[in-house]
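Okay, so here's just one chain, in structure tokens, the form predicted on its own.
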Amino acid sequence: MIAQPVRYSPDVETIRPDEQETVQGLNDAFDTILERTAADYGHAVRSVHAKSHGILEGELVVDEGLPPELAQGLFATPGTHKVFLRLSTNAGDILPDAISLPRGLAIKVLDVPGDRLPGAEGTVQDFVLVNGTVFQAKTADKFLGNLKMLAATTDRIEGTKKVASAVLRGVTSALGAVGIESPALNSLGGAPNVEPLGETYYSTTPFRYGDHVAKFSVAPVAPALTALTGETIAVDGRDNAIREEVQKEMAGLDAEWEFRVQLCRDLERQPVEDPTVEWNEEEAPFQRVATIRAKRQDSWDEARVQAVNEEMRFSVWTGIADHQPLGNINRARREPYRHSADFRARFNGCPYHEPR
């Protein structure tokens, strides 16, 4: 029997005494990445998920008749919202696609009513997801250690990275054969080079869900997308192979995903402060609350790429109070996300804009 969802209250979080010190370390590591890449390119890019593979425009349709525990926040009222979607990989430099990394999906939902999170401009709600079920580090200080490794390899010899990525993919495949998955290896270049349109994406970290606590997921449901699930992309000699494949696929298909919510039902078994713990779906099932649709389109339309990739930022802290990010990792993301976006805006002379 499925337990009742946990009620949100501020005491679901446990604040660590070293969090501000860790945030400063994250800002410093991001600065290393940002300054090196900006000097190389003459143009500032994101400190993580710098390379985009597709920018899509679509709609999110909130389901009608949701039960009270699911009719929360953005999803409390049935209706349709315009959305922008950005497909990416997680490095802070623009790498050839032969260096295989985890996929990311950022979603910006427009015209969302409700009290705003502190510093959240406009009326949008952002969701930032990856194609893995857990975060790579238990706490922000551990994540800082991983980020320092990424910073140390930013702007280093790409040939070495390609070799390392191939070795890591072999290690990852061997671990996968015995049922072991390593988010840390994946983040360093050992991820399978999969087709991003066929992937299922997860928030990995928890959020407030109105009266409750939840994680989020976006899963492909259109047959044209599920046919791509698990497919790998041939990248040899093609630095932008993923972008080319996404562009080719989206020119001929109408994409559809389900937006799903996983309500926390036991704070011990589905912890808020440890995102390396996967919430068991038998105990806390994902439930659909909305559908995302993107009709066939040019996924690398120049005007849309400029508007979304260059002039917008995505942050888990951009949104409404009913979807407040929870846990140490999420608290530590707030200032560095803004810090990174502010650097990009200053260097490029292009303030970011939240669409209205």
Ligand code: HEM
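Worth saying up front: this structure is predicted, and the values here are computed from it rather than measured. From 1 onward, residues are counted along the sequence shown.
Below, we refer to the form predicted together with the named molecule, which is not included among the displayed structures.
Heavy atoms within 4.5 Å of the named molecule in the predicted bound form belong, among the stretches 45-53, 283-291, 296-304, 62-70, to residues of 45-53. The closest heavy atom approach of Ala214 to the named molecule in the predicted bound form falls outside 4.5 Å. Within this chain, Trp317 is remote from the site of the named molecule in the predicted bound form, having no heavy atom within 4.5 Å. Mapping the unseen interface onto this chain, Ala29 falls outside it, with no heavy atom inside 4.5 Å of the named molecule in the predicted bound form. In the predicted bound form, the named molecule sits within 4.5 Å of a heavy atom belonging to Gly104.
For the candidate set Thr205, Gln262, Gln125, Asn193, a heavy atom within 4.5 Å of the named molecule in the predicted bound form is found for exactly one residue, namely Thr205.
For the options Phe75, Phe143, Trp279, Phe84, the residue carrying a heavy atom within 4.5 angstroms of the named molecule in the predicted bound form is Phe143.
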